[in-house]
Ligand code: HEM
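Let's start with one chain on its own, the form predicted on its own, as structure tokens.
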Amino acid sequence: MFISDLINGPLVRFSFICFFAGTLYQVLSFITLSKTRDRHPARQQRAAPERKKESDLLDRTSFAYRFAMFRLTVFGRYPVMMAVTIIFHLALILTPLFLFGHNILLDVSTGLHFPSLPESVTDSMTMTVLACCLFFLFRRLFVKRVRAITTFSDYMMLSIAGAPFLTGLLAYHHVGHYETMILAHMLSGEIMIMMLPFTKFIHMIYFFINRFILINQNTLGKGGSRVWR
């Protein structure tokens, strides 16, 4: 009873405090470790003729050039891996937000909620996350170049990411003791939330910083405005 009350009460609040405080710390660290880029008009003018000369040799708007450059990107070199990665992250983020059961709890506790997807859809999304976890696991086990750089921490991160979805799936389908699975689901979710800002999971936040703020980090949009010090 004590463990149930702890998981359902103080640990929920503590996990979100850790998440928001840790995220704020990481953002402030980024601001401290980066700076607004310096603009050097003269240097840009000197470099302009070189860029023009280079553009004369190769039409950068041609399909052949764009295809060749795409082949050099991680998407071009590892299309299956990148497709699974994108699907995994989308399902990982969207499933908890639009899960009917989660939104009921959120509405009861805060009066706010997200739109809910049909349970059959979120059930399929949960299975998709678990299938992607198996893909990443097998890749680390059987691809030599990946296995060579894999550490125990990588397996732990994969387990922590998959545990809330596995326990939630088992609870939803009433596999095993329901109350035990629900407690395991909540506890594993709280652990994941607490660890997000302090482990490799932080890449989910830094992805947006790298793509929209930093220069020369595969920047999207109109380009970044900051560089590392």
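It should be emphasised that the depicted structure is a prediction, and the values quoted were computed from it without experimental measurement. In this text, residue numbers run from 1 along the sequence as written. Think of the rigid core as the biggest set of C-alphas that the two forms share within 1.5 Å after superposition.
The same protein has a further form, the form predicted in complex with the ligand, not shown here; the description that follows concerns it.
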The unique member of Ala148, Ile93, Leu72, Val108 whose heavy atoms fall within 4.5 Å of the ligand in the model of the complex | Ile93
Using the partner position in the model of the complex, report whether Ala68 sits within 4.5 Å of the ligand, counting heavy atoms only.
-> no
Examine Phe207 and determine whether its closest non-hydrogen atom to the ligand in the model of the complex is within 4.5 angstroms.
-> yes
Would Leu99 count as touching the ligand in the model of the complex under a 4.5 Å heavy atom rule?
-> yes
Using 4.5 Å between non-hydrogen atoms, is Val27 touching the ligand in the model of the complex?
-> no
Looking in the model of the complex, is the ligand within 4.5 angstroms of a heavy atom from every one of Pro197, Leu214 and Trp228?
-> no
In the model of the complex, which residues of 180-211 put a heavy atom within 4.5 Å of the ligand?
-> Ile182, His185, Met186, Gly189, Glu190, Met192, Ile193, Leu196, Phe201, His203, Met204, Phe207, Phe208
Taking the rigid core as the superposition reference, indicate whether the CA of Leu11 shifts 2 angstroms or more between the shown form and the other one.
-> no
Relative to the superposed rigid core, does the CA atom of Thr23 travel 2 Å or more between the shown form and the other one?
-> no
